[in-house]
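Form predicted on its own, single chain, as structure tokens, below.
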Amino acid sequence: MTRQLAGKRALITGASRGLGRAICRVFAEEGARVAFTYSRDVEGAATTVSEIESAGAEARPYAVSVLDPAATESMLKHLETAWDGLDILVNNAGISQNLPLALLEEEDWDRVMDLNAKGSFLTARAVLRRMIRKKAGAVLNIGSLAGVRMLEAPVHYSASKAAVRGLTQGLAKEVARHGIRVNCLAPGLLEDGVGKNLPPYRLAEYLRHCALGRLGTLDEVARFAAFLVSDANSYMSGETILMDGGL
């Protein structure tokens, strides 16, 4: 069978662990060359490289912050030399803090909003300038159920992921005439990530309302992400797709 990302060149941000790493592995299995960014986790980045290469694909790791436009520009110039550009961007880098409103400081708000929303904007802006010249490309922003539904979640995290949804819609409308699609994938609780830090009563409440009665897996989300950026998904743009097990 033809792999759905055969010959594609992909960049995934924040991929030294968790969902980012799973997306890298699945994209590699589907035939893509995979570049990814990470912040400080050198050991985790090495594991991601190993998983990409074990899938038979080329891996290019970059220690680049999504909040550093100069470093992002340097990385993209390097990828243009190596690969002649990119076909796919996945904005995955982000953080959360399990803090109630009363304990939130202004710097907490700024940190989460900057990494989750501004970082996606800065990376997309840099990549889209190049995709526009080539009149092709696919961007996938990783959102969250907390940015779409009214949940018991940190307010700054919810706000940042709602911003990612709005960014998706605005970008999709602007770049559609250049043959570029932009979508957002909003998972519910997964086996790794935010779900691991929830108190037992919160997790039990989530599972009670989830039709499938379980957490999602990183692999499930990564495989759906591969479809969303593939040529098979050619008539969807500006959408936020919930993947939450049926809440």
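From 1 onward, residues are counted along the sequence shown. Just so we're clear, the structure is a prediction, and the values are computed from it rather than from any experiment.
Form predicted together with a small molecule: not shown, discussed below.
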*Indicate whether the candidate residues 83, 131 and 180 are all in contact with the small molecule in the predicted bound form, with contact defined as any heavy atom within 4.5 Å.*
no
*Name the stretch: of 171-179, 100-108, 140-148, 75-83, exactly one has residues whose heavy atoms fall within 4.5 Å of the small molecule in the predicted bound form.*
140-148
*in the predicted bound form, does residue 93 have a heavy atom within 4.5 Å of the small molecule?*
yes
*is_contact(residue 52, the small molecule) in the predicted bound form, heavy atom dist at most 4.5 Å*: no
*Heavy atom to heavy atom, is residue 31 within 4.5 Å of the small molecule in the predicted bound form?*
no
*Does residue 190 reach the small molecule in the predicted bound form, with heavy atoms at most 4.5 Å apart?*
yes
